[in-house]
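Take a look at this one chain, the form predicted alone, written out in structure tokens.
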């Protein structure tokens, strides 16, 4: 095989997967948008998502700044040189990272050092399988950390919050899947997709679950019991009221695929792989002689062009909202300004904000801040950054990361530095809520995965500190205009996330009684 051409084909697959959603996923998002009630926060979120999809496509830039862990599943004819193919894929990964199509995401687990090129021990994941067909089938999924952290595995029998006992039967499996959707809330960038693996051991069960994500959203399970279960989950998971971004609403789940394998008598695992709305999964057929792409996969059926949503996204899609308060904030912000805000308000930010993820929060617990954070805004974000020909940093993608990871630190940092607002996705917990109330702060929920929309709001990079932590974990100083988010935790002790979780738990309890005998 022409390995140079194969490497170029893999580069094209990586870029297309990172920047353009497949047709089946676009149709699922369009269906969710159509059934959402107008004038709601969920409708605004879906309008922003739709516009972001179009912006990423036009800019050929990452849909979400977290381009995830690349996982390749490759079927090859007997005799294919898997060693050389792996080398070519590694080279394509390095090229895509260098050109800003992937964010450098490979971190040494012991030292915390970022490799800078998305290569490392076990990264990317490449799984080969031989078959008797005369072509190469390559499938790629880019699954981000926010949704990966909401994967969950159950060992049956078990007791489930809101649902009671889940036994070793189809009904117990049903309860586990509903609970998996419930526990994800908005932290996995709902509305999402799930793959479910029944059986196996702990490792193979999770692999089976992730394998389900390679299925088409619109396929029909050939196993009658699993077909019924998939349909049941799709109908009833959306009754939990979690909604897009956890804002509440009609669309919580966009797809459910279930697979089954044998197990040993002592173990009965149900493994769930959760994927965000930014379901970046594509595939190609490759000519084993030339290394060229002969066919793109997941392209069946009607395409959805979100062109009409693009202008709404560029104006933050607030036209989707009904009567809501819209407030402009310009840092530094006073405590008086913050205490006037309440849950549900839409905020537009103009001025400089500072990014901070896991490494920054850990650092700030024991060190002074490199900038004065009094009255300022911390943005939970690990952007994709590139230098232009003049050596200046340019933002290629910049959506929010999942905030709950910073819960052990956030309240202390608000108190220590006088931070007035925190931007992220998915909400935070009781400790942060208490700190917001005591010290006068708010949590602002941005739209997860909308990396192109938010990059468009960033007008310049004013500086960067602690770059030694790696590009995603550094503290970037970003000047923004009309950066829009929703107040979901205020300085009066109110939390939309707490309310949605409580109401969805109450709704979950209605599915306690057996359905499948």
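Numbering follows the first chain given and starts at 1. This structure is a prediction, so every number in the text was calculated from the model and none was measured.
Note that the form predicted in complex with a small molecule isn't included here; everything after this is about it.
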{"item": "Contact segment among 478-486, 463-471, 32-40, 60-68, judged by heavy atoms lying within 4.5 Å of the small molecule in the model of the complex", "value": "60-68"}
{"item": "Heavy atom distance at most 4.5 Å to the small molecule in the model of the complex, all of 26, 255 and 301", "value": "no"}
{"item": "Of 271, 432, 251, 401, the one that lies within 4.5 Å of the small molecule in the model of the complex (heavy atoms)", "value": "401"}
{"item": "Contacting member of 425, 420, 281, 175, with respect to the small molecule in the model of the complex [4.5 Å, heavy atom]", "value": "425"}
{"item": "Residue 116: touches the small molecule in the model of the complex, heavy atom cutoff 4.5 angstroms", "value": "no"}
{"item": "Residue 356, heavy atom within 4.5 angstroms of the small molecule in the model of the complex", "value": "no"}
{"item": "Contact of residue 205 with the small molecule in the model of the complex (heavy atom, 4.5 Å)", "value": "no"}
{"item": "Residue 145, heavy atom within 4.5 angstroms of the small molecule in the model of the complex", "value": "yes"}
